[in-house]
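In structure tokens, the next block holds one chain alone, the form predicted alone.
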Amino acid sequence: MKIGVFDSGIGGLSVVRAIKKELPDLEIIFKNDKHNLPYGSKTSDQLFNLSKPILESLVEEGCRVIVIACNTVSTNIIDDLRKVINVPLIAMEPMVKPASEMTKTNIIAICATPATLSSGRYNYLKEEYAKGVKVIEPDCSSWSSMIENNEIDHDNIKNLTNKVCEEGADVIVLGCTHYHWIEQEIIDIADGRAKIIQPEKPVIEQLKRVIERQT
């Protein structure tokens, strides 16, 4: 089966790699929109107009399922895209619920783009699943660009990670696929003080369920 993976930039390649490892028989077509980066500062209308033709091209190339490997797109316009794209779309969104269930300190940190943090979907997740939990939202607005351009600011990552750990967060959520590329660095900095989670595994499990329904 042929599936598509779409992201704003190179972040989605980590998702492609994870899918290939788990489901090696799939044919995966990956497309991004690096010419219009960053997505994290765009409006919903801009996101829709940029994403729709790329997803349509994946359908035209025979993809029967598409993974939206972009939290910004998923949290802002997934419902609108599902109305116009005629194959199943699997969304990626910040793992607020798992983090809230895991925390022992009742403090979690969500690392995500400004557009994700301001989205209705993200705020619904907080209201629904993070009752009684303090949610720290550190300023990661520069991270996508620095990762995309391979200009990693290690001091910034270290300072931000240390800050949320010092504020008591014992779970750090990576709410942007770009951040998966620095996951190990964040794990090393957190050094047992906080667990680092991101949604590749649950997305792959959802992909398996969708594929099973199509075969």
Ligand code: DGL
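Quick note: we count residues from 1 along the sequence shown, nothing fancier. Just so it is clear, the model here is predicted, and its values are computed rather than measured.
Only in words, not in the display: the form predicted in complex with D-glutamic acid (DGL), which the text now covers.
Asker: In the predicted complex, does residue 176 have a heavy atom within 4.5 Å of D-glutamic acid (DGL)?
Answerer: Yes, residue 176 is a contact residue.
Asker: I'd like to know whether residue 26 contacts D-glutamic acid (DGL) in the predicted complex, with contact meaning heavy atoms within 4.5 angstroms.
Answerer: Contact check for residue 26: no, nothing within 4.5 Å of D-glutamic acid (DGL) in the predicted complex.
Asker: Considering only heavy atoms, tell me if residue 37 and D-glutamic acid (DGL) come within 4.5 Å of each other in the predicted complex.
Answerer: The answer is yes: residue 37 has a heavy atom within 4.5 Å of D-glutamic acid (DGL).
Asker: With a cut-off of 4.5 Å between heavy atoms, is residue 100 one of the residues that contacts D-glutamic acid (DGL) in the predicted complex?
Answerer: No - in the predicted complex, heavy atoms of residue 100 and D-glutamic acid (DGL) never come within 4.5 Å of each other.
Asker: Would you mind picking out the stretch of 163-171, 54-62, 37-45, 183-191 that comes within 4.5 angstroms of D-glutamic acid (DGL) in the predicted complex, counting non-hydrogen atoms?
Answerer: Answer to the contact question: 37-45.
Asker: Across 61-81, which residues bring a heavy atom to within 4.5 Å of D-glutamic acid (DGL) in the predicted complex?
Answerer: If the 4.5 Å heavy-atom criterion is applied to D-glutamic acid (DGL) in the predicted complex, 61-81 yields 69, 70, 71, 72.
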